[in-house]
Structures are given as structure tokens and as C-alpha cells.
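Just the one chain here, the form predicted alone, laid out as C-alpha cells.
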């Protein structure tokens, strides 16, 4: 494979439009000074050791207008406050929002609406420099949102660059469910870069479920930066149901006592698909819990990466932190690189991590077949049972139903020839 040459990132950037979102000048100026000196990372950099970017660097991006599509077919749940983005345009906004919830879109967002956020690495810095659209969500203190806020992002057309930047400020004692869906339509050699900054104030509760269902050869990069204050409870479910090339970076800074953090992930890959999940949970204050559960099913020549890091700072005593990554390989050509990590500087903690990769339970398949079930159906049942504990983390029954429907399609697609 040809190495990425110096300044390839700068050549890549020449194809991109400058940011349309009005961002603070402090964001842009400092970001540009660092970005202009950067290049695409290569395999010698630990965070990108197993995710090669040569193909990304070579794609020829061009923004082209497209007709508004029927977005209703992309809704994951029906009863929600909906916002739909098609490429760089917001094509639908829910006309009514509950009291205490405000959402600004695109040109409505002023520079002072953005809070300071972490923008490390070339993916996040590209987002600052080229953000075309997105939203700023504010949920006031004490508000309990009565139904999910659902945001749909659709990459439509070949070679399309899409940069979406979003922010959520979650008030004291507030409670909400956020559903985010990423889809593509004829998005051959397209590039999606989405960034979320999420700020949880004291005693707030947030469940954020991210569904990645890109079926085309779209390169998808997703970043979530989370800040948790005292007594907050945060759950992020990352479910990669389909996608040619997916990279997820999650950074959680636990900046108060008595916080709970739950990071759950599931990925189902086939053919030559690739998914990379990088997570960091940074425990700065004592008396907090964090739990990570990521599971994957890999077929054909697909590849996956899991790199989870937990930091426990010197004053962060009485931390409970657990990481688990488990994978099932359906093919001898599939591969997983798993590296859970703990970096602990406090002595009164309970922390553990584990990683397993193996084949399907053939005894379970044999048992099911002995009861008259076909091999394809038996494999479906075993795979579904393996992934079940991740899917059960999704609180919304409607969203779980959508996930199971998508899984049924996926299983029929790539398990029907296993008889």
C-alpha cells in the first residue's frame, strides 16, 4: 500500500469549502495554525495503527446540489421531535418543541452560542475548519423531555463532503433521550465528518443512541466530546449496523463526583467493511462509576478495532471502572484488533478490563439444528443472543424494534448462504 505523503491533508483540504457555521474566532484561528501543519496520520501513530487513511486521502470530493428526498423512510422512530439533514441542508425541522428546549440550526447559530470544546486530532480540526451545518441544542434546568429528540443525517450522492457540527447543553436536573441516525444514499466515495460537544450539568440524565446505517462506500468519521458535572448520568449507545468505513472517537471527561458513565457499542460487519471504535473515559473526581461494553460480529474479510482507555487521576479515589470487548468471527478472513487499557494513579479503586475474540458456539448451533432449525436460522439465533445484552441497553422500545428490523435484514443478507 502506498504511503501517505507529506501535505496530503492540505491537498485534500483544497477540495473543501470553508466553514459556513459562524464559529468563534478563537476556535478558527488557533485551529488553523495547528491544522496547516498537520498531515493524515499513518500506521506509526498508535491511534491509527489499524485504520489506514490512504483511500480517504485519494478521494476526489465535490459538493453538488441534490433534490430533496423522501426523508420519512429514514426515521428510526415515529413519535419524536425530528430534525433531518440532507448533505449540508436541514430539510425538515419539527414545528413544535416542548417548553424549555431550544434548537438553533445553521445560520441561526451565533458565535457566542458555542461553548469551548476539545478539538484534538485531524478529524476534529477538519470539522472546525469546514463545518457546513449542524445544530445547537439547549435543554433548560429541570426539563424532562416527553419524547425523543431525533436527528437524521443523510449523505446523498457520490463524492459528497459533509461536515456537521453539533452541541448539546443539558441543564441541571434535566432528562432527555437523543436519537441520532446516520444514513447514505448513493454515497460512493463520499466523506462524512460529524462532531458533537455535549455538556451535562449537575444531576442531569442523558441517553444518546447513535445508529450508523451507511450502506454505501461512504467514509464516516464521528467524534463525541462529553463533559459531566456532579451527579450526572450519561449513556452513549453506538450501534454500527452497516457501513463501509467507520471511525468513532469518544472522549468523556468526568468533572464531578458521583457520576455514572455508560458506553455501549455493537457492530456487525461483512465483506471488506471496517469499523474502528476509540473511547476515552477520564476520571478526574472521586466516587464515580463507568461501564463500557462493546461487541462485534465480523464476516467475510471485514475488520474491526476497539481501543478503550480509562484514566483515573491521583485524587479520583473510589472509582469503579469496567471495560469489556467481545467479538465473534464468522469467517477465517475476518480480523479484530482489541486493546482495552487502564491508566490508574489512585490506589482505592476497582477497575477491570477484558477482551475476547472467537468463533460461534458450534455446540449451540448443533443443538438448535437437532431441533429442526436450519443452520442459517441457528446462526441468526446465536448471533442475536450474543449481541442481546448490548441491544438491551437501548431504553426506547420503539428504537429497539427498529434495530431488530435492521438486524433481520442484515442476517438474511449475509447468513442465508451459510447452509
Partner chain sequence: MITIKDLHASIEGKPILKGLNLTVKAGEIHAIMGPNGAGKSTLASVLAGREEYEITQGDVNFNGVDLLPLSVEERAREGLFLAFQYPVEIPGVSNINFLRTALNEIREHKGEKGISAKDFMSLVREKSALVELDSKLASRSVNEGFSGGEKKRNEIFQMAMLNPILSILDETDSGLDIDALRIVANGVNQLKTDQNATIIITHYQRLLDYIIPDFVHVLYDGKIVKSGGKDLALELEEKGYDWIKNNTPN
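Please read these numbers as outputs of a predicted model, since none were measured by experiment. Under this definition, the rigid core comprises the largest set of C-alpha atoms superposing within 1.5 Å between the forms. Numbering follows the first chain given and starts at 1.
Separately, the form predicted together with its partner chain exists; it is not shown, and the next lines address it.
- When contacts are defined as a non-hydrogen atom within 4.5 Å, all of 364, 374 and 381 contact its partner chain in the predicted bound form.
- Contact check for residue 368: a heavy atom falls within 4.5 Å of its partner chain in the predicted bound form.
- Though the partner is left out of this view, residue 388 does reach within 4.5 Å of its partner chain in the predicted bound form, counting heavy atoms only.
- This chain is displayed without its partner chain, yet in the predicted bound form the stretch 356-364 from 26-34, 48-56, 66-74, 356-364 comes within 4.5 Å of it by heavy atoms.
- With the core held fixed, the Cα of residue 365 is displaced between the shown form and the other one by 2 Å or more.
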